[in-house]
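Quick setup: one chain, the form predicted on its own, written in structure tokens, and binding and motion questions come after.
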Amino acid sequence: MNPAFQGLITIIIGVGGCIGYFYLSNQFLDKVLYPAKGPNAGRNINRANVVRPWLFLFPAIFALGLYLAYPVVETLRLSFTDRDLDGAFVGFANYQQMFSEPKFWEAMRNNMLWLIVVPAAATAFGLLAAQLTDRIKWGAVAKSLIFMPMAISFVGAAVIFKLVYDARPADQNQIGILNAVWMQFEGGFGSVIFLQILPAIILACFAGIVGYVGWIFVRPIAESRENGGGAGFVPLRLLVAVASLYLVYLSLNSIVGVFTGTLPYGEPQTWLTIPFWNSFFLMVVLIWIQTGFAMVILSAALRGIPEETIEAAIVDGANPLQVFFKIKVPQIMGTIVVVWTTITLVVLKVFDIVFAMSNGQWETQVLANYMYDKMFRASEWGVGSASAIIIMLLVSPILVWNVYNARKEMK
């Protein structure tokens, strides 16, 4: 059968099925279950009106239960069983095995690093792009180019960057852009500027931005103590502050390493095999994709800031940096948090990029790839299900945070 004809039949059956369900269910409700006639007509009408919303919601609730709730319950059940023992209940043995494996803790460490770097960098670059593109005439074209990576799948982006990081022997032409650029440095004045001074400036700016974000999260706690109120989600705020301090330390320590390290000039680098730094090369892919998302949302938020507050700040003598950080950023902080947490959810489930570029080798393992390895390669379904439950537990607090903020804004 022709695929187009098959698709048309599917659409007709799907739409017709929905229409038929709602029509027939209403007829059953109004004519059979609670008929609007006889001595109890008024009571039946009221009961039908109570049941009708649930009748309309039933397909969605059923689908969510089938495709979301059931997999969660089944995954939890599998995490307490052993496939090799015909599905026998083994308690927390799978969790004990998982916690005893160095690869799991490597995945946890890398996931925490991804959580610290990717949301911070993508949100910061998105905010910077939103601010700058709104000030130029061809801003719409620039936004389209920055947003374009969002249309590329994670695997497609991974393949693109795998070519960017490609390495050939020193006596051959480098097809990888990064190595082609790297081979132009020989240790002279240009190398000092581009490989030491410029990275040090970027790292210092990044440390400053992350430190500022950490202070934004901690400041409500200090203010609440002075005013006798509550800051809300204090543990999460402190966690973000600690992560910010760690990232600031990491950035400053890297600045020292930039000036003290010995660089292998003239030798092509296999970037994805360099321990620790290879994780950052993988993170660049997700940052490249998510920056466009952050830019679009934050650009809309910046446009929603009342012009009167900006004009008042300028009249009071505020410079552009003060207007941006003290007037604009505080007013869109709620949107920044939403963008940050949304990207965080994507990072917690990251799999495609790592699988396509390194497959978890060279100390780049993440939780989702670890789960895939256990379930589909090692056939250890119990351990794989246990790691899936860990991912769910890590995602849940962020979902609660988003729901809390959404309800607070609705009030």
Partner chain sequence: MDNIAGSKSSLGWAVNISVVALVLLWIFPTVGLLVSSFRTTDQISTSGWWAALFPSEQSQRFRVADPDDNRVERDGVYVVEGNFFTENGGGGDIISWGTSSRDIAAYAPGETADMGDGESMSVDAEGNYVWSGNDEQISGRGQRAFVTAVSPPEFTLDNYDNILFSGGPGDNMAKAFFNTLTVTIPATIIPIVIAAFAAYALAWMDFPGRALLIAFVVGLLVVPLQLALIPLLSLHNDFANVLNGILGLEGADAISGKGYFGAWFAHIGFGLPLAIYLLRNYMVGLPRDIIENAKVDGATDFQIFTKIILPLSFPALASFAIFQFLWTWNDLLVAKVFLIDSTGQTTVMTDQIVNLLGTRGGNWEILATAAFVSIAVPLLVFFTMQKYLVRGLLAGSVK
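Under this definition, the rigid core comprises the largest set of C-alpha atoms superposing within 1.5 Å between the forms. Just so you know, these numbers come straight off a predicted model, no measurement behind them. Positions refer to the first chain, counted from 1.
The discussion below concerns the form predicted in complex with its partner chain, not included here.
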Out of 110-118, 198-206, 168-176, 251-259, where are the residues with a heavy atom within 4.5 Å of its partner chain in the predicted complex?
168-176
So in the predicted complex, are Ile216, Arg219 and Phe276 all sitting within 4.5 Å of its partner chain, heavy atoms only?
no
Please run the contact check for Phe355 against its partner chain in the predicted complex: heavy atoms, 4.5 angstroms, yes or no?
yes
Does Ile193 reach its partner chain in the predicted complex if we count a contact as any heavy atom within 4.5 Å?
no
Pro35 versus its partner chain, in the predicted complex: is there a non-hydrogen atom within 4.5 Å?
no
Is there a heavy atom of Gly42 no more than 4.5 Å from a heavy atom of its partner chain in the predicted complex?
no
One residue of Gln269, Thr335, Gln97, Thr81 in contact with its partner chain, assessed in the predicted complex (non-hydrogen atom, 4.5 angstroms):
Thr335
Members of 155-171 lying within 4.5 angstroms of its partner chain, judged by heavy atom, in the predicted complex
Val155, Gly156, Val159, Ile160, Phe161, Lys162, Leu163, Val164, Asp166, Arg168
After a core superposition, would you say Phe376 shifts its C-alpha by at least 2 Å between this form and the one not shown?
no
Spell out whether the Cα of Ile13 moves at least 2 Å between this form and the one not shown when the two forms are superposed on their rigid core.
yes
Rigid core aligned, does the Cα position of Leu29 differ by 2 Å or more between this form and the one not shown?
yes
